[in-house]
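So this first bit is one chain, no partners, the form predicted on its own, shown in structure tokens.
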């Protein structure tokens, strides 16, 4: 059970969005695992990180700097807190956007204690001057503080206590090579498979004192887009439904009914995802169509369609980006129960929605 945060340009808060918003952050704090043994999924990362931390403890030294990359909601923040717990060290949390000047970073670094963990979320969004100061801090545990301006400016070296930097990024490609190379351990967080998400859901249900069937957990896991944060959010919404409209126990039927109310279909698509697919299929015959035209058709900003809806649709194999524009795949036609134009019977036109396929939300 693991999750993190990143801001996306969504037009509205989405129940299947991976950003931590509102009361999510407080709930996550209660549900987060406290050590590597409790951490679900990411088996290779867990094993490798366990070796790094155990070796550092045996040497009585601070752990190497750690870089965690991956999509929002997969556990980067959780792992940073586990690193601090495993090393029995305090943790300082900040983010790249909050560090816009080298002086901001110098103030944070100069106040660190020996062995402290500095968690820097969205490290790819840090300013370039601060980034360059971080190179020396990571490698030599010192920074040069510039005093004065112009010809009379003086660089005063400031020694830092040994510390461990844990950087998190959703876009590792934006990190300059000199910064990436200074991390002793780099890990990429993968999306979770349904079986791992079921374990996440069962553990969270126990902490929330919610009774849930294995089939109910499987239903929620299948709609969670491979992301623990989304799985936990859907669990809480299904819990509410079960409490108000049933006996409080979550079964497959209750989970499916609850998620129909919240417009999350059998593959985890929500209103925005389906609007994009329906416009692409019904208005443009499956494409290709330009991104701006598609955005206008669904009444959203271009950036919202490109950065919020498209990544999951592409990952699910429902939409393809081509040089000519966006194109729907055969799986998209099947998922919406529509007949692609080329599949129309001889002598007849394709009739959108004419197939007898199962409804959008499943059972």
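Owing to the predicted nature of the structure, the values given are computational and were not obtained by experimental measurement. Positions refer to the first chain, counted from 1.
Just so it is clear, the following notes concern the form predicted together with a small molecule, a form of the same protein that is not shown.
Residue 33 is the only one of 325, 337, 311, 33 with a heavy atom lying within 4.5 Å of the small molecule in the predicted bound form. A single residue from the set 264, 220, 276, 74 has any heavy atom within 4.5 angstroms of the small molecule in the predicted bound form; that residue is 74. Only one segment in the set 104-112, 75-83, 256-264, 240-248 has residues whose heavy atoms sit within 4.5 Å of the small molecule in the predicted bound form; it is 75-83. At least one heavy atom of residue 232 is located within 4.5 Å of the small molecule in the predicted bound form. Contact check for residue 66: every heavy atom lies farther than 4.5 Å from the small molecule in the predicted bound form.
In the predicted bound form, the small molecule sits beyond 4.5 Å of every heavy atom of residue 300. At least one heavy atom of residue 39 is located within 4.5 Å of the small molecule in the predicted bound form.
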